[in-house]
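In structure tokens, the next block holds one chain alone, the form predicted alone.
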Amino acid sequence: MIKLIEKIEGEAKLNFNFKDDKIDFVDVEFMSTRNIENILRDKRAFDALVINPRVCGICGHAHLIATVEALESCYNNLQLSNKAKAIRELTLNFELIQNHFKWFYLTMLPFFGHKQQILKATYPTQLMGKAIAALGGQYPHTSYAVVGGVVCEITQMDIIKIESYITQTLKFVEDNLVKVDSKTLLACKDADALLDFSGDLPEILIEIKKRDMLNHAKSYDRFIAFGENSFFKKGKSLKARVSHSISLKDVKESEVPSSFAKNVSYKDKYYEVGPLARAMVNKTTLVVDAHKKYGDSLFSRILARVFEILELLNHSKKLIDKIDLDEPSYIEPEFDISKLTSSGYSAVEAARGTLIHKVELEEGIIKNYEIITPTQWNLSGGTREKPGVSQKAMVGLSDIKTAELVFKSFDVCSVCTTH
């Protein structure tokens, strides 16, 4: 049975195959592409800073940061101030947070019989959008990060505004997502204890238990994250055993004849990326406890993503405290990029997981540009013998509606995937 999946920043086609009334395989097909990688060829290096945020309307800022870091890695001795690093990380945090709110209230809740909570999604989202705009100007599709730093010169007043947006968003979390003060929630180590609280997150987790869905959406139990900053760690987790020794050289992208999305694997194995992967690599106590009890399931995946909102808000407050306004926002590179012949790459953590950019420059002109998005990791179209992460998570389910819930629990983005 073929089903068209919509509201994923585009469309995808799922071809469900049943055996004994259970799903035994799902073909995943993305039907369109914009060929951004081809558009970038023979363009000037700095053009990528304007074009790439348009890869996606949801995580454009992550693409901007991945682009500027890929270009900067083409240099040998480029300098960045701590202030510029902190500002870039803050805007990336805010983009992740607003994505997480939209995913939870607009995509996940309706699957559990709740009305789509548009106002609950848009209120904290617009607060985070204002925080990004205070640092990066227009949003989405800002291009404020440049090789050598950022173009904004923030003031103490900007910081006061951003702190206010964070405080208001934290209050929203405490009044709605989990009705408890954020310090208590951050200190919580028992996933089952969340079920004793009230709020939108506990309600969904209780529903998962009531509906006997605790074993739903399990896949390979392999996680990976390549993005690193002051909060996220790079590494892989295999059934909770974490190793930080991983290399982008072992990441392989391959064509899929029936789809415009390419497969992505690490050492020829499929890995899950995203908030659950990051929490497993970071060894976040609450999420590790959920994984210990319920594995790489729907329960753990939803909990990890919502809990990351609180963690990033809390970490953003600490980042702001470390910003020294007297530092430069921009340090001019010693070498003009128009004379640069080199190659570089970057990896950042976007809302849905690891985003990788690779660039080759010849006298400042882009000769090759490759983008690997998080949805490619999670939605790789494998075979019956070796299914991709989301394909494996849907095998064994008995109805298409539940399979769609599992599919969207990975927060699929069609345009980002096929770029």
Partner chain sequence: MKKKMRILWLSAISCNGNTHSFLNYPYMETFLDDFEFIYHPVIDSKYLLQDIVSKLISCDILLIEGAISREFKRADVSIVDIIEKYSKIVQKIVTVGTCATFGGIFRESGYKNTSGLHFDQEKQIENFKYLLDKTISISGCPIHPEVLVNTLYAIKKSTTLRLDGFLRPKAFYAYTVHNGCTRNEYFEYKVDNHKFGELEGCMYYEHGCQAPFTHGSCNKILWNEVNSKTRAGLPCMGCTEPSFPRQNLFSTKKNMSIPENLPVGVSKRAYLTLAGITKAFKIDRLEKKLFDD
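Note that this is a predicted model, so its numbers are computed, not measured. Residue numbers count along the first chain shown, from 1.
One more form of this protein exists, namely the form predicted in complex with its partner chain; it is left out here, but the text below deals with it.
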property	result
Contact residue in the predicted complex, chosen from D336, D192, D250, E332 - any heavy atom within 4.5 Å of its partner chain	E332
Position in contact with its partner chain when the complex is considered in the predicted complex, options K85, K234, K102, K179, heavy atoms within 4.5 Å	K102
Stretch from 263-271, 193-201, 169-177, 152-160 whose residues place a heavy atom within 4.5 Å of its partner chain in the predicted complex	152-160
Non-hydrogen atom contact S32 with its partner chain in the predicted complex at 4.5 angstroms	yes
Close approach of P110 to its partner chain in the predicted complex, 4.5 Å, heavy atom	yes
Its partner chain contact at A133 in the predicted complex, heavy atom, 4.5 Å	yes
Distance check, V415 to its partner chain in the predicted complex, heavy atom within 4.5 Å	yes
Full three-residue contact with its partner chain in the predicted complex, heavy atom 4.5 Å, for L80, F94 and E255	no
Sequence-ordered residues of 67-85 touching its partner chain in the predicted complex, heavy atom within 4.5 Å	none
